[in-house]
Ligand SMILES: O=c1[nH]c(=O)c2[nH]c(=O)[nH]c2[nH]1
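Next up: just one chain, as C-alpha cells, the form predicted alone.
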Amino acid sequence: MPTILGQNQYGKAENRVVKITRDGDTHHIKDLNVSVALSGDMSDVHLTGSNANCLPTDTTKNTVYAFAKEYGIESAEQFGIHLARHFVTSQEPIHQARIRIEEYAWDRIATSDANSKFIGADEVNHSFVRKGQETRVTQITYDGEKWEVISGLKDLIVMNSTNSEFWGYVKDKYTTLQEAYDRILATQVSGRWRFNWSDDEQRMPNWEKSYEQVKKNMLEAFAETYSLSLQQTLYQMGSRIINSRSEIDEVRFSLPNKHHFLVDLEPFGLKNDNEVYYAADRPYGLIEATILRDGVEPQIPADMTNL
C-alpha cells in the first residue's frame, strides 16, 4: 500500500539560555528554556534524505544564543517573536515557526543592612534565589503573515482554608463522599491565555505588565470567590481575566483538585474541628474549562499537555 507524508516539523528543543543584564552593579536575570519547531517545504528530507531545505537544528540552537545577545530578552514573548520572525523571513523553505518558552523567575536576595560588618545591602545587587512558585510559559506561532501568542503559567499552587463547600451533587449506590459545608480548596494551576494581537499592524501588548496583571486577576478571583465548586472558582478566575485585560480573548485552565480530608481523631479521644487534614496527592479530581470573550472562537487546545 502506498504511503504519504503528513504533518511534519523539526527543530531544537529545550535550549537553556540565561541572559544577565548588567546595569552597573545591579544585575538582572532572564532564565529561559526555548524550543524551536519549524515546518514548511520539508518533504524531501523525509522522502529522499535530501537536506537541501533543512536548516540544521544546531543552527537554530546557535540562533537562540546569538539573539539573546543581539536583542536581549525583554520578555519571553518578545524574544520568541524575534526568533519566529527570523526563521520564517530568512529561510524560504520555512513557512511556519513555533517557539515555545518556559521562563524561570528569580528573586533578588535581601542582604544585611549597610551598618553591619558584612557587605551592605546597598552594595549587593547581583545575588538571586530561584522562585519556588510557578513557571511562566509562552508559545509563539508565525506563518509570515499572522501571529498567535498563547502565554500562561503552570505549577502555581494555591489554597483557600475556608469559604469553600461541596454539596447537593448526584449520588448513586457507589457514592461515599460526605457533603462538605466548610472545606479546604487547593489546586495547582495550569493556565493559558490567548492574545488578540495577531499582526504587525496592531499595537503590541506590554507582555511583562500583562503577565503580572493576569496573575494578579487570577489570584484575586481565587481568593475572593466563595466557592461551591472548583468549577465555579475556575470560571470566576477566567472571567476576571477576560473582563480586566482587553488584550486577551481566551483563557483555559486545568485545575487538579488537591484534596484535603479531615483526619478521624476520635480513636484518640480528640475532636477534629476542621483543624487537621490529610493531604492526598492522588487520585485527584481534574477540572478543565475554557472561558471566552463573547463572539470569540476557541483556539487553545483542550489538551494542554504539550502547550
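Throughout, we count residues from 1 along the sequence that is shown. All values derive from a computational prediction rather than experimental measurement.
Keep in mind the form predicted in complex with this ligand is missing from the figure; the text below concerns it.
Partner contacts here mean any heavy atom within 4.5 Å of this ligand in the predicted bound form, and among 155 to 163, 175 to 183, 97 to 105, 132 to 140 they occur only in 175 to 183. For the options 90, 231, 196, 206, the one in contact with this ligand in the predicted bound form, meaning a heavy atom within 4.5 Å, is 231. Checking 39, 33, 257, 254 against this ligand in the predicted bound form, a heavy atom within 4.5 Å turns up for just one residue: 257. Among residues of the shown chain, residue 292 is not one whose heavy atoms approach this ligand to within 4.5 Å in the predicted bound form. Although the partner is absent here, residue 17 is not a contact residue: none of its heavy atoms lies within 4.5 angstroms of this ligand in the predicted bound form. For the stretch 266 to 290, the set of residues having any non-hydrogen atom within 4.5 angstroms of this ligand in the predicted bound form comprises only 287.
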